[in-house]
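One chain comes next, on its own, written out as structure tokens in the form predicted alone.
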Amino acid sequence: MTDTKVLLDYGSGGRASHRLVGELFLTHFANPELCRLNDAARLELTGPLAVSTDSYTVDPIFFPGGDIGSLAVHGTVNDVAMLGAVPRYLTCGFIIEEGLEMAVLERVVASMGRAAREANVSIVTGDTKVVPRGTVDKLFINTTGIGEIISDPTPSGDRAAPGDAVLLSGSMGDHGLTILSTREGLNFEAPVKSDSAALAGLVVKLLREVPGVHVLRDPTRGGLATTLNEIAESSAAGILLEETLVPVTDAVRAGCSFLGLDPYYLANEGKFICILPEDNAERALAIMRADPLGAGACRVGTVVADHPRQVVLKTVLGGKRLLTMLEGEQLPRIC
């Protein structure tokens, strides 16, 4: 691109728009379907499908462990995978503030292209809008994901049953604390890094090798506590969580203590919850731990018949604490 900043003309639909698509987006997203430049994409899919859409407004747009581009791929790919599906296609929509440096946009687009290739998904169609200065903060991205469901029945939040084991693929709170510390210029003794990653490969392997997975969820906004509350409400069951078993890194724990935050409510972008019958828990953990993205997998609790629709944390001291849904916005603009 010859211009150093994004101009309003790039969103006009005219020659400048075509140049932006051809010289930037096609360079990093190229695949046969996208390169046809039709108004819609023709997809090859069979059987039941999973579809998810999400919008990404993270601030700052670059952070340790990722950026808004890779996050827009990872977040939507993970949402599709949580329904027991193999993600295949993505659409993307860009809303760009006039004056954004072209080098910044290209860095984001390049990162998004790499993330899509690594996740084995194709970005097949999209849209770009440029809006006047001040009407959007730098860059917002929307992605919609489509995948082929391979699990029957599909994992669902209403399928948790008393006696099920509650597993986590790794530590909690890394992404949320990373965004906050980067935004505010905070430096901790031990550095923190976002866990943003595409989980579909690990999830598909888990589903193919372990029968009877009842629930899969990624605890993003609202964190572990809010996501478990959603599952408990949908299943009309209780969840008993063991504080000593929930993995939180020393860096996140120290940062939360310093800032007065609760790691159970911090967002994660590369971890997932798996709820399944007790008999299959050890096999599931073995598969998760064999993958770098699940190396820290562990059991953290049990689904119970007691206290239906509530999540209870058994504390280190042996007491019990009710974990409710997140109230208000603990950390704005985290994804």
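Being a predicted model, the structure only gives us computed values, none of them experimental. All residue numbers are counted from 1 along the displayed sequence.
The next section is about a form of this same protein that is not shown, the form predicted together with another copy of the chain.
Undergrad: 200-208, 247-255, 157-165, 187-195: which one contacts another copy of the chain in the predicted complex at 4.5 Å, heavy atom to heavy atom?
TA: Careful reading of the contacts points to 157-165.
Undergrad: Examine Phe140 and determine whether its closest non-hydrogen atom to another copy of the chain in the predicted complex is within 4.5 angstroms.
TA: The answer is yes: Phe140 has a heavy atom within 4.5 Å of another copy of the chain.
Undergrad: Within 4.5 Å, heavy atoms only: does Ser12 come near another copy of the chain in the predicted complex?
TA: Yes, Ser12 sits close enough to another copy of the chain in the predicted complex that at least one of its heavy atoms falls within 4.5 Å.
Undergrad: Under a 4.5 Å heavy atom criterion, is Thr315 part of the interface with another copy of the chain in the predicted complex?
TA: Looking in the predicted complex, residue contacts with another copy of the chain do not include Thr315, since no heavy atom lies within 4.5 Å.
Undergrad: Does another copy of the chain come within 4.5 Å of any heavy atom of Gly170 in the predicted complex?
TA: No, Gly170 is distant from the partner.
Undergrad: Looking at Gly238, Gly212, Gly126, Gly99, which has any heavy atom no more than 4.5 Å from another copy of the chain in the predicted complex?
TA: None of the other options qualify; the answer is Gly126.
Undergrad: Give a yes or no on whether each residue among Gly65, Ala119 and Ala281 has a heavy atom within 4.5 Å of another copy of the chain in the predicted complex.
TA: No, the candidate spot makes no contact with another copy of the chain.
Undergrad: Mind listing which residues of 49-65 have a heavy atom within 4.5 Å of another copy of the chain in the predicted complex?
TA: Residues within 4.5 Å: Leu49, Ala50, Val51, Ser52, Thr53, Asp54, Ser55, Thr57.
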